[in-house]
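Take a look at this one chain, the form predicted on its own, written out in structure tokens.
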């Protein structure tokens, strides 16, 4: 069984600073999105439940740094990676991202389960998984909180607003995984060292004979919310209690 996990390279959200209400991305390291790591963990558990007879293959599109970033997934347990290199991949419109990922998946050949996070950690459009399913002409199941496989059938629990829904679908299938449904594993030192030796297929954007320059996202404004501070002086515990009570945050 080939389990394909799509993962996106994004800035480390924990290290982004705000200056004059604008995010400062200088020197912020790149990492794989948190929800994508949930999808990877789901894929690793599917492989384990199948007796470790399958392979987990990561697909991604990014700039030259993606080769280094994807080692996170290989260290966590993925067997190999297929990467499309495009220096402006972070600005691609979701329809083009889907085409690139679909092309990478076709290079792999047989893909039994294709896992996506419900949305990326930066733009969170939630469109790419469904678009890839359409391009590959595969069924797609979203809001997945659990995925189990028996033979050529996947049993997927969809977590909806007011209920859970269990869906059974024949493989191959595209599944969009919910955030925080599991705790992504932390690789050991030996796994990190071995990750660099695992196979990575690199696909240059020029090899795909497709034009992407006119289908990019331009961020016009990205401002943090303004914070209005009351600036009320508090010199004693009693004064603090009085201010909190006046603002409705505390009652005697």
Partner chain sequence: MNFDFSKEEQLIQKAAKEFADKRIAPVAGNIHRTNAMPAEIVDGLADLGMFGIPFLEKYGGGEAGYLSYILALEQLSKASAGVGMIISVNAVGLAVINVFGTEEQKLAYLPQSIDGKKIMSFAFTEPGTGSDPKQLTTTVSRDKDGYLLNGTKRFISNAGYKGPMVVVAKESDTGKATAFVIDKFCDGYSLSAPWEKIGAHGGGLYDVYFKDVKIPAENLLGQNGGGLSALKIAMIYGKIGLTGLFLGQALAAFEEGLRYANEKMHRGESIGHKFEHIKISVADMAMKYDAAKWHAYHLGWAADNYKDPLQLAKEAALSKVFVAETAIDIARISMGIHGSYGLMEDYKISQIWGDAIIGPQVEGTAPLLKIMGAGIILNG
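Every value quoted in this text rests on a predicted model; they were computed, and no experiment measured them. Only the largest set of C-alpha atoms that superpose within 1.5 Å between the two forms is called the rigid core. Numbering follows the first chain given and starts at 1.
One more form of this protein should be noted, the form predicted in complex with its partner chain, which is absent from this view; the next part is about it.
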* Asked: Does residue 208 make contact with its partner chain in the model of the complex, using a 4.5 Å heavy atom cut-off?
  -> no
* Is residue 203 close enough to touch its partner chain in the model of the complex, meaning at least one heavy atom pair within 4.5 Å? -> no
* Asked: Does residue 50 reach its partner chain in the model of the complex if we count a contact as any heavy atom within 4.5 Å?
  -> no
* Within a 4.5 Å heavy atom cut-off, is residue 187 in contact with its partner chain in the model of the complex? -> yes
* Though the partner is not shown here, which residues of 6-38 have a heavy atom within 4.5 Å of its partner chain in the model of the complex? -> 30, 31, 37
* Tell me, please, whether between the shown form and the other one the C-alpha of residue 12 is shifted by 2 Å or more, with the rigid core used for superposition. => no
